[in-house]
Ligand code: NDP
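Below you will find one chain, with nothing else, as structure tokens; this is the form predicted alone, and questions on how it binds or moves follow later.
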């Protein structure tokens, strides 16, 4: 019987444990501290694992991350280099991301921010009409979440482009790739949506130099990682009226400190890392089938390339 350990850094393990034992009772998943024969464990389902996990299970070969972002694992020196890491490629998060970005993109496209500014002044002023095709959305990061978002946004008629490490072929989406094409991508983007993984190459990518390449009046939406954004650079560009607004879901420090300048800036909208959350049922289904494929000597998708960071 396959023996699997479940590790979470908080008290959220019970719903995960129930769902694993409901869908895949044969895997015999147990809380990592309740396993009496740790030498039998080969697999672990984890969220922000600590050194204690790897010390307890010396024969661990594979960990399955209970979320899409794996930077917390890759940056953890306690994770042995020989262990394979699998990430959740969707887990119900694509639909949530589509909803999140659609809401805020429509907010700016339909000038709701301007109407909010007019209301306390009792101004009755209709903003000029513009076709959806004139609103140029750019997506940083064209993995599964980014690609699904690009396809979804086309239903509004927006002009959608994506930037990634390598060229992508998506119907109706203009593809940019690599450092050489970043400037061209940014210069055509009215609304920049960041869904990048965090790697040495993407750290601080939302900086003054890059955000200044956006057209005047552009907006920035970040649901990737907080470390992608240089907050002081964003605040400066907002104050200079180069940028129209920003929507931020992720931050270098979470919760965002109460005295941070982002909180009270009138052009910034903040959400508490809530753009998309792992859903138990599809995540467990994905992990269970991936584990079974590994047991059958198959090569399922989702294996993290440590050299690339995702």
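Residue numbers count along the first chain shown, from 1. The structure displayed is predicted, hence computed values, not measured ones.
Although it is not shown, the form predicted in complex with the named molecule is what the next lines describe.
For the candidate spot formed by 107, 245 and 260, no residue has a non-hydrogen atom within 4.5 angstroms of the named molecule in the predicted bound form.
Under a 4.5 angstroms non-hydrogen atom cutoff, the named molecule in the predicted bound form lacks residue 152 among its neighbouring residues. The named molecule is not shown here, but in the predicted bound form it comes within 4.5 Å of a heavy atom of residue 308. When contacts are judged by a 4.5 Å heavy atom cut-off, residue 38 does not count as touching the named molecule in the predicted bound form. At a distance threshold of 4.5 angstroms between non-hydrogen atoms, residue 195 is in contact with the named molecule in the predicted bound form. Of the listed positions (60, 29, 46, 68), a single one reaches within 4.5 angstroms of the named molecule by any non-hydrogen atom in the predicted bound form, namely 68. Comment: the named molecule is not present in this chain, but in the predicted bound form one of 160, 142, 206, 214 has a heavy atom within 4.5 Å of it, namely 142. For the named molecule in the predicted bound form, the listed stretch (38-46, 261-269, 52-60, 245-253) containing residues with heavy atoms inside 4.5 Å is 245-253. Heavy atoms closer than or equal to 4.5 Å to the named molecule in the predicted bound form belong, across 164-178, to the residues 164, 165, 166, 168, ordered by sequence position.
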